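The chain below stands alone and is given as structure tokens, in the form predicted alone.
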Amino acid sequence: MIKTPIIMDVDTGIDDAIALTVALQAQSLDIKGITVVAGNQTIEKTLKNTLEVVEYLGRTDIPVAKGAAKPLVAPQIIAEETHGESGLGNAKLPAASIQPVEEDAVAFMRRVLEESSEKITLVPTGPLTNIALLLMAYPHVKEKIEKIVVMGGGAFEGNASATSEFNILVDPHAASVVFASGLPIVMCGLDVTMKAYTTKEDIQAVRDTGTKAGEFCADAFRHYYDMYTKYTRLPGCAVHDAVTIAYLLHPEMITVKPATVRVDIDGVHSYACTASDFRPWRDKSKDNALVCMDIDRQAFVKLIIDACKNY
């Protein structure tokens, strides 16, 4: 089997944890490492959560590296209401015995990319601070990056503000660097991720797998479900970050459109907007992203359930 080499870059809250659960058991992914950034919670909590999830799911063979504790320029924002005080909602995991590697996230990614004989796909599911720092400090590693599959942004709607998605709003300056990097980007934004939700019945099906992963994911979902059904019109909770892994494993379940995407770091009413140009008459030579627009929700939910069964 040909495996896709990836580095995951996470700010482990609830949906990052679900993304990790799906990715860590996927036979077609070769996870070279996991880097951590502040976002859903502080770096101390997102790192703690990442180490605990990795150890709980039995993948202590994968190195974890600590990354940026704050955005490049903007003041720090966290999402405690969305992800809970710990960042994992109602889920409780045993304290991890493993430690992060001594290298910071940027040094770790640089080394892994330089040493790799094949191109590696970066999969950031949090603010893009670590990725931007890597590209600014070591632009030569671009030749070793296959593409960047981002959870962030949105072509037609926001959630953190009228025009911005949370991961981009946390560090729009980093996002601007990444989207202007010239590297191929797949943007798994709110246009698709708000369609990738799990209902109460889906969450029970996750629990009914009877595995440790199923129990953990169902517990994590409880806080998320309550928050989403209280504040949104969804009949469940959107599992944003796991869409990146779904794209890598089963791109056929996701509909994409090419676009020219620019991140607004100057606008008063459009700050942190991922302005996406789909106009037929645009200069298509400037297209820098495939924007995910739709998903087969039932297939997505089945992917999560089947992943839980494998633990």
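Sequential numbering from 1, following the sequence displayed. All values reported here derive from a predicted model rather than from experimental measurement.
There is another form of the same protein, the form predicted together with beta-D-ribofuranose; it is not shown, and what comes next is about it.
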Note to self: I need the one stretch from 166-174, 109-117, 135-143, 205-213 whose residues put non-hydrogen atoms within 4.5 angstroms of beta-D-ribofuranose in the predicted complex.
What the structure shows: 166-174
Notebook entry, point to check: If you check Ala196, Met151, Val178, Cys217 against beta-D-ribofuranose in the predicted complex, which one has a heavy atom within 4.5 Å?
Noted result: Met151
Checklist line | is_contact(Asn159, beta-D-ribofuranose) in the predicted complex, heavy atom dist at most 4.5 Å | finding: yes
Notebook entry, point to check: Quick one: does Thr35 come within 4.5 Å of beta-D-ribofuranose in the predicted complex, counting heavy atoms only?
Noted result: no
Note to self: Is Thr125 near beta-D-ribofuranose? Define near as a heavy atom within 4.5 Å, in the predicted complex.
What the structure shows: yes
Check: Going by heavy atoms, what in 12-43 lies within 4.5 angstroms of beta-D-ribofuranose in the predicted complex?
Finding: Asp15, Asp16, Asn40
